[in-house]
Each structure stands twice: as structure tokens, then as C-alpha cells.
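In the block that follows, a single chain appears as C-alpha cells, in the form predicted on its own.
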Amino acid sequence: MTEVRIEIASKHYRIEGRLDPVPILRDVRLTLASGEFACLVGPSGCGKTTLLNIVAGLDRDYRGSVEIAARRTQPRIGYVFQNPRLLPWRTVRENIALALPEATDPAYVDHLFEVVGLKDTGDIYPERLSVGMSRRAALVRAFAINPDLLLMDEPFVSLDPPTARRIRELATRLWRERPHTVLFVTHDLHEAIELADRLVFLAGSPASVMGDIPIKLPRRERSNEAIESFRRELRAEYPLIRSLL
């Protein structure tokens, strides 16, 4: 299992035409326990994706540190982006194969295709997939590597509600089969409460952690009514994050 410790003293962006860099993140401190599913919640543009890219090692231009304590010497990180990023000149199965470690069990990949309903689409090209199918293919690619840490950046955004709900259910099923540490980014609090063990609120300019709240509602009891009731409790109990709820 994998524990993650994030300490970002500062992150700036340089913008053309401005002499001074613009601060994006400041004093962001966050620890993820092994096997925890944490949701990072905040308004659009507050720096959630930037933080995810830092954790993934895609952005190294910051002050601070990210420590990933995993079972492997080199932690294996899966990343589900907002855009599925499937190469159009390769079939769905070829896209998945590009990400796979050498020791991957082909039977497990076949199992993932079957679970997400893509069993008969491995040999077709991404242009023939619907948006929802493309998102499911991206899930297969991320889970197939058996990651120590899974990063998910609003992977269900822009989907119609029934499709988004179905893919959330699939993602949760895959996670339960092989639990691992997850950091999931969203601006949808209902979605966050449905999925997570814990809510981390990121806001401000520059952004920092404004709230870190465990979800005590058992997963089997997270109906729409229960989720909305929990959301109202948050508003009453945590006035500092009320504007984000």
C-alpha cells in the first residue's frame, strides 16, 4: 500500500507580459493514508490540476516536496485525465498496451475490459468510441498498471448524469477489487461525497487547504438523500468552507 506526503511551500506561474510570477499554491500540506480515497474539492482554476501534476511528477517547478512511500522502489502512478488522451492511430487495446508494465497479466486486462463493458471494442479505433466509452477506456488504462497511487482529474466531467453515475460505479468497483491510494479532483461536492473517504477543500488565491474532513457516512448508505443531508451538515459545521458548498 502507499502513503503520500505533500508539502508545497509555493507554486508560481509565469505569464507573458507580467514581470512577477503569479502565485498559484501556497503552504499546501496534505497526507494520504495507504488505501485512502481522498477527493480534492475546489472551484475551477484554483490549482487542483496543478497540484495533481506536481504529485505525478509532471511539474517540478515548485518549492516543496512530495514523498510517496510505496511497496515498490519506484512507485507506479496511474493518471486519469479530464481528456482520455487516446492515440487516434492505435486501437483501444493498443492504447492500453502502451502503458502496461512487462509483467502485467493479460487476463486481468481482459477482466477490466469486461467489467467496464468494452469487451468487444479492443480492436477498434478511438474515433468510433462515444465520450463515455473513451472515459471507460481511460479507466482500464489506469487500473491495468496496478498503480500504487491513482490520480484522477475530473474524469467524469461533461458526461450526462446517468453516464457519469455508471462510470463512477465502475471506478468504485475496480478500486474495491484492488484497493490503492487515490487522489481524485472534482468541483462537484455531491460526486466527492459519493466516492471518497475524505474531503480536502482547496481554495483561495494563492490556494491552500481550507478544510480536511472525513466522510463518516458508510458507503452502502450514500443515497442521493443521504449525500445531500451530509452536505447540509457540512455547511452548518464548517463555516470557513461554506462558500465552496
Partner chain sequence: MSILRNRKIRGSGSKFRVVYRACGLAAPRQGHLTGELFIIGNTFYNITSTRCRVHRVIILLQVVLALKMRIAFHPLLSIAALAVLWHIAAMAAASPLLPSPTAVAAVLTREIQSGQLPYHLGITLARLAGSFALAMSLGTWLGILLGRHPKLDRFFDSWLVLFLNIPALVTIILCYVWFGLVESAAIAAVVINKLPNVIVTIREGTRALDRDLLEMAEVYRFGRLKTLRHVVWPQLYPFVLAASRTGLALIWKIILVVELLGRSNGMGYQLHLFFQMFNVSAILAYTLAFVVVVQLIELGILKPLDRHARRWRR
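Here the structure is a predicted model, which means the values were calculated and not measured. Numbering follows the first chain given and starts at 1.
The same protein also exists as the form predicted together with the partner chain; that form is not shown, yet it is the one meant from here on.
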Checklist line | Contact test, all of Gly132, Leu189 and Arg235, partner the partner chain in the predicted complex, heavy atom 4.5 Å | finding: no
Notebook entry, point to check: Is there a non-hydrogen atom of Val116 within 4.5 angstroms of a non-hydrogen atom of the partner chain in the predicted complex?
Noted result: no
Notebook entry, point to check: Heavy atom to heavy atom, is Ala103 within 4.5 Å of the partner chain in the predicted complex?
Noted result: no
Checklist line | 4.5 Å heavy atom contact, Arg165 to the partner chain in the predicted complex | finding: no
Check: Phe156: heavy atom within 4.5 Å of the partner chain in the predicted complex?
Finding: no
Check: Can you pick the stretch from 105-113, 169-177, 76-84, 156-164 whose heavy atoms fall within 4.5 Å of the partner chain in the predicted complex?
Finding: 76-84
Next item on the list: Just give me the single entry in Ala69, Ala56, Ala33, Ile213 that has a non-hydrogen atom within 4.5 angstroms of the partner chain in the predicted complex.
Entry: Ala56
Item checked: Those residues of 37-52 which, in the predicted complex, come within 4.5 Å of the partner chain by heavy atom -> none
